[in-house]
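Consider the single chain below, provided in structure tokens and representing the form predicted on its own.
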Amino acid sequence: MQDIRKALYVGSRSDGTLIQRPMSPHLQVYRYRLSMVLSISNRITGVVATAGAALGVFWLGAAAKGPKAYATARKVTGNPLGQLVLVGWLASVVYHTVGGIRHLIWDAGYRYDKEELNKDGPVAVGVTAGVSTVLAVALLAVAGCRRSKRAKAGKVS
């Protein structure tokens, strides 16, 4: 079966004569591939990582403002929803780093063949999942230990 649609538009040359020029295919023409989704995800996680850094600045501002503001910030970050947001931010930073390393390798001219791209995508997802999980568990364990030590000392917050 042949696609009979013409992906052309009418343009003009510098001398004024009309010509037909090819149009870029629209999103419906492309088949979604893992490498395409990962590249788009790398851009999205860059935005999320920046937003998380802005939240970090607000947290530092609360710490500088005084004990009352810092206690409020700790309540937000100690809340399960706040911790979920922090874990999501951590995962986005890790993925953006892994994706950035992947793009640097491509910019150096390596691993740019179709087969290599298809093999590297699942590896990037696996590395992101593994590193994010290890870091999140470690950070939550440290927070739990600190919370239990404060509870034993009588400083429940």
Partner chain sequence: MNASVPHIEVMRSQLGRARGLGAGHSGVSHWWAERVSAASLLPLSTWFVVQMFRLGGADHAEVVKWGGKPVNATMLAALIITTFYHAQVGLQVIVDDYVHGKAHLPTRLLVKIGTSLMGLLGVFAVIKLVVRSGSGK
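Residue numbers count along the first chain shown, from 1. So that the term is clear: the rigid core is the largest set of C-alpha atoms that superpose within 1.5 Å between two forms. This is a predicted model, so every value here is computed, not measured.
One more form of this protein should be noted, the form predicted together with the partner chain, which is absent from this view; the next part is about it.
The candidate site formed by 40, 74 and 101 is fully in contact with the partner chain in the predicted bound form, as each residue has a non-hydrogen atom within 4.5 angstroms of it. Residue 152 falls outside the set of residues with a heavy atom inside 4.5 Å of the partner chain in the predicted bound form. In the predicted bound form, the partner chain sits within 4.5 Å of a heavy atom of residue 58. The partner chain in the predicted bound form comes within 4.5 Å of a heavy atom belonging to residue 97. Though the partner is left out of this view, residue 127 does not reach within 4.5 Å of the partner chain in the predicted bound form, counting heavy atoms only. Along 52 to 67, these residues reach a heavy atom to within 4.5 Å of the partner chain in the predicted bound form: 53, 54, 57, 58, 59, 60, 61, 63, 64, 65, 66, 67.
Shown in the overlay between this form and the one not shown, fitted on the rigid core, is a CA shift at residue 146 smaller than 2 Å.
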